[in-house]
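We begin with a single chain expressed as structure tokens, specifically the form predicted alone.
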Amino acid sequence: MNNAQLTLSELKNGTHGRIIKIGGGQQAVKRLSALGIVPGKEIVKVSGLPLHGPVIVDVDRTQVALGFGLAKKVFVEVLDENSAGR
């Protein structure tokens, strides 16, 4: 088991993790919460585009696109790499 902690923007595509905390201000926390991205929730990074492009994640079987800056505020504990096909 790998307990690495990374930001969502640093996570490899296809990696399964659990959100451990949200950094940033109240607006970022509110915006992410509205998208279902809250501490304790399991998440899969679907893709991330190069050059600080958007990051696409799967939360509760719904794909959500986040801006790179917002994705850097989401800290994730790695549960399983390369689990996108589940």
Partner chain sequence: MKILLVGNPNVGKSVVFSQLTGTRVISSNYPGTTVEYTRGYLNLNGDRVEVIDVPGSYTLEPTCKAEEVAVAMLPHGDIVINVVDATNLERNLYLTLELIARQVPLIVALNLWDEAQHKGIVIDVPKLETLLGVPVVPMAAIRGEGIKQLVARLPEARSGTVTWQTTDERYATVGRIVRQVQRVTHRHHTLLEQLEDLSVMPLTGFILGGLVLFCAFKIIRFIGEGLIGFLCEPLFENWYRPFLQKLSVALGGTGPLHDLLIGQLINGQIDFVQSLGILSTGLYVPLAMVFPYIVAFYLVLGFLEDFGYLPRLAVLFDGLMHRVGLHGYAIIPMILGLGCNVPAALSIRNLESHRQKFIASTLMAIAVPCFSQTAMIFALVGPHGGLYVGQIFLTLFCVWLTLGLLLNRQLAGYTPSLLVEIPPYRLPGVKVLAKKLYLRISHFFKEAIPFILLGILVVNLAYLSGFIHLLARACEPLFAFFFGLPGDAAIALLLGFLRKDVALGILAPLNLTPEQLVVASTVLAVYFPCLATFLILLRELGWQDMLKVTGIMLVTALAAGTFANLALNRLGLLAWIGAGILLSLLILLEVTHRKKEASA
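Fair warning: this is a prediction, and the values are worked out from it, not measured in the lab. Residue numbers count along the first chain shown, from 1.
The same protein also exists as the form predicted in complex with the partner chain; that form is not shown, yet it is the one meant from here on.
> Report whether all of Gly36, Asp60 and Gly69 sit within 4.5 Å of the partner chain in the predicted bound form, measuring from non-hydrogen atoms.
Answer is yes for this spot.
> With the partner left out here, check for me: in the predicted bound form, does some heavy atom of Gly53 sit within 4.5 Å of the partner chain?
So Gly53 counts as contacting the partner chain.
> Would you check, heavy atoms only and a 4.5 Å threshold, whether Leu32 touches the partner chain in the predicted bound form?
Because a heavy atom of Leu32 falls inside 4.5 Å of the partner chain in the predicted bound form, the answer is yes.
> Is Val78 close enough to the partner chain in the predicted bound form to count, meaning some heavy atom within 4.5 Å?
Flag for Val78 set to no.
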